[in-house]
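Read the single chain below, which is given as structure tokens and is the form predicted alone.
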């Protein structure tokens, strides 16, 4: 009987395990996770899961794993991988032999240099345990300093303000959300944070962090010292590629895979936050995506290809963030665009369409209250997938339905 092993019990790994069963695989499936809990969804950790101290939102109940015949091992780490011998040594002393292997090891929060010995006053946010520790500190009158104006830092800031904490966000770049978010949308987010009472400091370099028993200090290179009850470091993520690297697999901004999610070693696949892959939609450029939907989609795709279906990566990159009453969504990659067109939707909501030099739609982004931009972003995503070159006038005209452009 074939034995498929999945290292990484997150969104991607869990989806892959269930997809294998749904596609008829009747061999053994072992799903390994380092955290002591069953696979759960990470997006709520910086939002309601943090604000309400919720239990993690599980991908599936433990009963479903049992019913599907998936051997879920939590609180265990894959120590070493022997790609030639097709064996994995586990932290509990066991050795697993596999026929095919999926690495869905995700990513870890990037620490601030020198914070390795930090205590409870300087924190990262990546796991449910991190969220629980942070939620205990979020009280009215407490001062939170957030290092990093990306999605995690800003979502945490919005949640902290809802709970009555004072918040200072420190970003070294000229504006927040520099990576992948158009300036016009970043300006709306910045203003909403300012209106919500966040002290937003952009263009500020940090010299060092200091921790005392009852406070933490952020020393800026300008000489200013910001004192806080807690410092959250949100400066990005590092792909968990150590296991693959020590096994001799090709590494390039994570575990390098081809269009089928195959690594450089036979019968080993990688998917989700941990891997970089070529996107045919963008000329085969290699990208690595840290997103909830990508983890889901690649988990299912990896399962299909482990079973020999030879399906290539075709999904359009998609991201979203909720902050206060605003939701932003982005489809595609806008860094190859030379033209940006705007469509106003009313009540401050708008869409941006990003075209390359040929007039092809390569990305779309939008922001507004609730789900007001969701349908249009979904339609734009479909246009991007078709490599469409819509009329610029039609894209800007709110009276022209995007669905009609798709039909054309």
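Residue numbers count along the first chain shown, from 1. All of these numbers come straight from a predicted model, not from anything done at the bench.
Unshown form predicted in complex with a small molecule; subsequent notes refer to it.
For the options 132, 76, 115, 184, the residue carrying a heavy atom within 4.5 angstroms of the small molecule in the predicted bound form is 76. A heavy atom within 4.5 Å of the small molecule in the predicted bound form is found for exactly one of 362, 29, 352, 32: 32. Of the candidate stretches 276-284, 315-323, 197-205, 262-270, only 315-323 has residues with heavy atoms within 4.5 Å of the small molecule in the predicted bound form. Contact annotation for residue 343: none of its heavy atoms lies within 4.5 Å of the small molecule in the predicted bound form. Heavy atoms of residue 192 never reach within 4.5 Å of the small molecule in the predicted bound form, leaving it off the interface. A residue is said to contact a partner when one of its heavy atoms sits within 4.5 Å of a partner heavy atom; residue 107 meets this definition for the small molecule in the predicted bound form. Looking at residue 348, you'd find every heavy atom of it more than 4.5 angstroms from the small molecule in the predicted bound form.
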